[in-house]
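Below you'll find only one chain, the form predicted on its own, shown as structure tokens.
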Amino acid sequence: MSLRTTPFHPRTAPLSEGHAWRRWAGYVVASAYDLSHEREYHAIRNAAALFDVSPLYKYMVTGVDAGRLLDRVVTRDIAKAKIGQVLYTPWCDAEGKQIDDGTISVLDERTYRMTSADPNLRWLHLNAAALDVAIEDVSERTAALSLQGPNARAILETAAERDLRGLKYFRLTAAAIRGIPVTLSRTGYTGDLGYEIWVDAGSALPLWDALIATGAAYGITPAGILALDVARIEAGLLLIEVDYVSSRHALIESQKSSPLELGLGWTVAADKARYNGQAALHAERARGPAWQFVGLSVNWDSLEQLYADVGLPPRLPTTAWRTSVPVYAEGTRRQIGYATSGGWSPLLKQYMALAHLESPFASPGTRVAMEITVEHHRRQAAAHVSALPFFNPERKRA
């Protein structure tokens, strides 16, 4: 089966200097448009970066029982959500282990849009038994862009000819950009001021053209997955099949994680009606999770010394990595967890990683060691546990 292209591909393909593409949910998307992702990353933090996020799975859930279905499936309390609100939420199996995470947009009292990283249509139908609800996969007919960075609001206000200062964090509104109907949500995957723009796939190209033309004066820059990966690690945001394994795909029990182990306890409702995994999650909350998802900050002097010992200057990863790396208790060979993704933050000037640690070692400031391979030899670099996110600018929520 050949990879599909998104509705924006006629615009994004000619921009790719190195033809660096990757697979995402059966689509081909840009890893980077330039030969390096550095300019694209700096656009996220200093101007505005434009991402094609169309490969996300998108489902419209409608009907009298639409809210009841979603409340049965996800851990957030959908009944308390207001029209125009967007909820980030995980969803779990009966044992409280995480299947996926995504967003639910409340479009009206009986209409919701659910986005996810993996296919979830069958799962929704299985949970919809005896409910008056319709579930439609609108993934192919709905295109999406993510505009992220400090200039994102100015670009959208100019393009949509309206004041967006009243659009709060994780809220959405209908708008028009050069006559094109769109939905704007103040959401994103960079931990910065940002918006996602939802549009009928047939209007994708004129929307792209309008944003690029409007954003030229504001430094708008098309950006790919490599830049996004650095930004989402700085923001402490999870990536499925990298930072956690979906319980659907796990081969053994130890590969599974609960939302409480992934730092998502705030998304697990304590007082709503029955939902998938509720009993297991309540029991886990009472006893405390065995694991915690944390940030690691690698000590620069320690890293530099490991390379100096073999006569080399320190080497930093040129892109964010997505591999399992052992983490040890300080000064020992006892493994207490593992890092799942990491890299160098150009903004923070810091070697950072996201990691799963046994709960007794997960308090911020705890000294640990992360495995580093130096000239084919495994070494330990000193590190300490950091609270997430690494980067959390006021403008994100302001």
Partner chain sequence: MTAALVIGASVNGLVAAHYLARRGRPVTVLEPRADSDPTLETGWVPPVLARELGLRHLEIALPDPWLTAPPLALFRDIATSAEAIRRISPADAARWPDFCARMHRLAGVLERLYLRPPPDLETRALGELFGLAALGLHVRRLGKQALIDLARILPMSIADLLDDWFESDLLKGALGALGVWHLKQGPRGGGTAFNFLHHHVGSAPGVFRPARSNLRQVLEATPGVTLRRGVGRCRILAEGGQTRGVLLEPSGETVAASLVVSSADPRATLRDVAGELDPEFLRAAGNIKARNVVARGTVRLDRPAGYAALCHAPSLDYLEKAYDAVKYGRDSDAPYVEAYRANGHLDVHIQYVAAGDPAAVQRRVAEILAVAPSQVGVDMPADGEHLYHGEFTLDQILFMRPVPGWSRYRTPVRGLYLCGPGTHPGGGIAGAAGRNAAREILKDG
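Positions refer to the first chain, counted from 1. It should be emphasised that the depicted structure is a prediction, and the values quoted were computed from it without experimental measurement.
The protein also exists as the form predicted together with its partner chain; that form is not presented, and the subsequent description refers to it.
Using heavy atoms only and a 4.5 Å cut-off, decide whether all three of Lys82, Leu107 and Lys272 touch its partner chain in the model of the complex. No, none of Lys82, Leu107 and Lys272 comes within 4.5 Å of its partner chain in the model of the complex.
Distance check, Arg122 to its partner chain in the model of the complex, heavy atom within 4.5 Å: Yes - in the model of the complex, heavy atoms of Arg122 and its partner chain come within 4.5 Å of each other.
Just to confirm, Ala94 within 4.5 Å of its partner chain in the model of the complex by heavy atoms? The answer is yes: Ala94 has a heavy atom within 4.5 Å of its partner chain.
Is it the case that Ala130, even though its partner is missing from this view, gets within 4.5 Å of its partner chain in the model of the complex, heavy atoms only? Taking the distances in the model of the complex, the answer for Ala130 is yes, it comes within 4.5 Å of its partner chain.
Is there a non-hydrogen atom of Leu126 within 4.5 angstroms of a non-hydrogen atom of its partner chain in the model of the complex? The answer is yes: Leu126 has a heavy atom within 4.5 Å of its partner chain.
Using a 4.5 Å cut on heavy atoms, which of Arg178, Arg72, Arg113, Arg171 is close to its partner chain in the model of the complex? Only one option qualifies, and that one is Arg72.
Taking 4.5 Å between heavy atoms as the contact cutoff, choose which of Asn151, Asn276, Thr267, Ser297 touches its partner chain in the model of the complex. Selected option: Asn276.
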